[in-house]
Ligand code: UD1
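Form predicted on its own, single chain, as C-alpha cells, below.
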Amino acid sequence: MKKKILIIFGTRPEAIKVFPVINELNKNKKYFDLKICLTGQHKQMLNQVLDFFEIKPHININVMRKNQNLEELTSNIITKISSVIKKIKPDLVLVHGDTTSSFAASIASFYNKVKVAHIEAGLRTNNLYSPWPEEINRSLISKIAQIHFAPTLIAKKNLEIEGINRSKIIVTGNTVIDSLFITSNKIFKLNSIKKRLEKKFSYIKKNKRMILVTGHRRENFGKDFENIFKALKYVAERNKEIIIIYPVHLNPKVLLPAKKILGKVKNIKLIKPLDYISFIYLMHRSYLIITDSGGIQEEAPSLKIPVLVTRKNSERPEALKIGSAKLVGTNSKIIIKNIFKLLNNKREYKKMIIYNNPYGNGKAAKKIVNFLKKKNF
C-alpha cells in the first residue's frame, strides 16, 4: 500500500527547499501518494518559484490577510490545516524549517495524531528572540516531530542535546543545495535563459565588482537596518569601482529606510524582489554577498563567494567555522571595515573561498526519500 504524504509550506524559501523532495517523491509514485498544501503565507514571490519548478499544489488555504499579526496567522493556519488533515488523512506530514506555516502545521498534525517529519531540523541559535519568531518555531517543531532530517552533524548534535533519540535523526545535507545545482544547470546549460538574464542585468559591467545585498529579518527592523544601510552608502560613495545591487524586501519597514538612505547613491541599485532564477544568476555574478538570510549562507560556499552576515548570531555555525561566512552584526563601523578588507585584501578574500560545502552535495532529497521508502509510519 502507498504511503500517503502531505507536504505543507507557505513561503518562497520553503518552496525552494522542498522542491527537490517533491521531485524525488514524484519519481517514486509506486511508493507514495503525495499531496501538496500551501498556506499562502507568501503569494506573489511564492508563485514565481512554483511556476519555475512546476510545483502544482492540490490545496491552498490562503491564510494571509492585511495587517494580520502572528497570533492571528498561527491560529488561522492551525484551524485550516486541521480541516485539510481530517479530509486527506495522511500517514505523514512533512514540514520544512522554521516558518509560522511549519510550526502551525505541526501543531495541527499533533492535534490530529498524525506523525510529522521535519526537514532542516536542528538549527539553533539558543536565543529565543533571535531570529524571532523562527528560533522558537523550529524548537517547538522538534518537540512534535517523530522524524528529523538534520542538514549537518552540528544540527544533529543540537537535537541530541535536547533529548531527541538519535535513531529518529537522519543527517542528509540541505536540500537548498539540491535546488541550487538544479537551477544553476538550467541557467548555464540553456543558452536562451542565460542570454535573457544577461540582458536583464546588462547594467552590471564586467569590469566592476558587484556586491549583492539582501535583508529582511524582523530582528533588524528599525535602527539596525538604518546602520546597515549607512554602511553600504559609505562604502559605495568611497569606491566608485563597485556596484551594489539590493533587491529590496517589500515590507515598508525595510523598503522605506532603504529608499531614504540609499536611493540617491549612484552606484547602488535598489531593485524589486527577484524571481529565484534571477537571484541565483546574480549570486553567480557576485564578488561578495552581504545578507541576513540563512539560505544564502548555505548556498554561497558552493559558488565560492564570501558572505558577511548582518546578524548578531547565526544558526549556521558550519559556515562561520569553515570561514565562508563572517558574522558582522549591525554596527556600521564593523560592516564597513569588513567590506573594505575583502575589497582591498586578496589574501583575506581567498581565505573565505571554500571548496567543500558543509551543507551538502546536492543529494539531500534522495537521502530523505530513500529513508521514507524504508520507514514504517
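Keep in mind that this is a model prediction, so the values were computed, not measured. Residue positions are given as counts along the sequence shown, with the first one as 1.
Keep in mind that the form predicted together with the named molecule is missing from the display, and what follows is about it.
Worksheet entry | Contact segment among 317-325, 63-71, 22-30, 330-338, judged by heavy atoms lying within 4.5 Å of the named molecule in the predicted complex | Within 4.5 Å of the partner lies stretch 63-71.
Item to complete: Please pick, from 249, 233, 209, 156, the one residue with any non-hydrogen atom lying within 4.5 angstroms of the named molecule in the predicted complex.
Response: Exactly one residue meets the criterion: 249.
Fill in: Contact residue in the predicted complex, from 76, 139, 100, 125 (heavy atom within 4.5 Å of the named molecule)
By the 4.5 Å heavy-atom cutoff, the listed residue in contact is 100.
Fill in: Touches the named molecule in the predicted complex: residue 44 (any heavy atom, 4.5 Å)
Residue-level check for residue 44: yes, a contact with the named molecule.
Discussion item. Residue 134 versus the named molecule, in the predicted complex: is there a non-hydrogen atom within 4.5 Å?
Written reply: Close contact exists here: in the predicted complex, residue 134 approaches the named molecule to within 4.5 Å, heavy atoms only.
Worksheet item: Is there a heavy atom of residue 148 no more than 4.5 Å from a heavy atom of the named molecule in the predicted complex?
Response: The answer is no: residue 148 has no heavy atom within 4.5 Å of the named molecule.
Fill in: in the predicted complex, residue 118 touching the named molecule (heavy atom, 4.5 Å)
No, no contact at 4.5 Å.
Worksheet item: Though the partner is not shown here, which residues of 332-363 have a heavy atom within 4.5 Å of the named molecule in the predicted complex?
Response: Contacts from 332-363: none.
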